[in-house]
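For reference, the chain that follows is the form predicted on its own, supplied as structure tokens.
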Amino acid sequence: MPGIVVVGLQWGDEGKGKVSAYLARGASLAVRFNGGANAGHTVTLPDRTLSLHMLPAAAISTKSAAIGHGVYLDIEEMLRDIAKLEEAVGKVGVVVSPRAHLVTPLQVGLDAKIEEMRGGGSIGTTRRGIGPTALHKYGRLGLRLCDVLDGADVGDLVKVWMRLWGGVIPFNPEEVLAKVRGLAEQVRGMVGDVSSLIRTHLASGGTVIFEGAQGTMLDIDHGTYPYVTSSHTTSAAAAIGSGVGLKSINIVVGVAKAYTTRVGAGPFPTEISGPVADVIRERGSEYGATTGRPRRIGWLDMPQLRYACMLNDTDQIFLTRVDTLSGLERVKLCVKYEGVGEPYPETVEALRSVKPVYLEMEGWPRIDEAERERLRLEGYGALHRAARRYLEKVEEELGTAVKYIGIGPGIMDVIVK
């Protein structure tokens, strides 16, 4: 049975939480494989809206979740997620990889300090400690959950941290160690072999949803460096970050909005401002789930999406927020960058200098709650012809099927094409 990877095709905030929860109906396990508490997956339930930062949002449907070793683990945030999720849907089983690297108060403090030191060149991190945790991991100075729980002598490691960073921020190694050990004990009963768990579910005929954080353009290697996150965000990271082989992944679902957003600094070729951007931002509630920051708004960018679909070997596209664009007289698609072909621009400077070439298209009538209900019942053919033209033009440009269309915030506000 399938291993399905849900991956963002833009700069994050595409609606992966809703998508994962929708696709996970009938699945047996939800897996988070990358990122940390800098991610925020928001899911709208009939009676509440949940924003989860460590647990995969697909666990709303599966009630069984795993945190892979590719995740930068903030234990306090995970415990808050568990409490919120169980209040909403009942008991949820959680298994955490012992190899996950821990985010401690030191890394959180360093994140803020480094951003401060960048001055006007700050990259707009969420200040959740993710970058410094990655720095320690790849510098082989990281602290893993298993190291704490197995009673390894990590005092010398923390003393190295002190020598490195004690002159940069206030840092008490004994206090940090005491806090980390206390938190680790709280999750001792959740620790298990995530890779074996996934293989067991797949071998027994279950469906596993691998849920990514952030988006393709924030990938540490393939994104708009240095305005990126500190992990791999493409589909291949699902295997690496959860401990399974590539053959465990059968379907890649790429998630994109019907427009584009970005949080923080960095190049954004199709960015717009003014009344239209304000309308889209307010209708789409385009504010960060983790930070509350207003998101930057832009038209849908075909060169960027072609690049993302290629990197992820995307099989199907789930295009969200088609309802947010509804009611606009005209909508635009960037179909190319003037004078720029393949490959996609590799530097920030090159991307900042591109000139988008737009195709302007007819808008479609407002999709309100009554219209959502009609569309849910009648399906794709009931969509306004202008909306269908827009979606079909996206398919034509990308050479990839738009299989799912989001028409509202709820998990079931979806049309299957």
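These numbers were taken from a predicted model, which means no experiment stands behind them. Each residue number is its position in the shown sequence, starting from 1.
The next section is about a form of this same protein that is not shown, the form predicted in complex with a small molecule.
Contact with the small molecule, judged by heavy atoms within 4.5 Å in the predicted complex, is confined among 361-369, 33-41, 376-384, 54-62 to 33-41.
Shown without its partner, this chain lists Val252, Val228, Ile280, Val94 as candidates; in the predicted complex, only Val228 has a non-hydrogen atom within 4.5 angstroms of the small molecule.
When you look in the predicted complex, the only residue of Leu197, Leu79, Val263, Val148 with a non-hydrogen atom within 4.5 Å of the small molecule is Val263.
In the predicted complex, the small molecule lies within 4.5 Å of some heavy atom of Gln214.
Contact annotation for Thr126: at least one heavy atom lies within 4.5 Å of the small molecule in the predicted complex. Put simply, Gly17 is far from the small molecule in the predicted complex: not one heavy atom of it is within 4.5 Å.
In the predicted complex, Arg293 approaches the small molecule with a heavy atom inside 4.5 Å.
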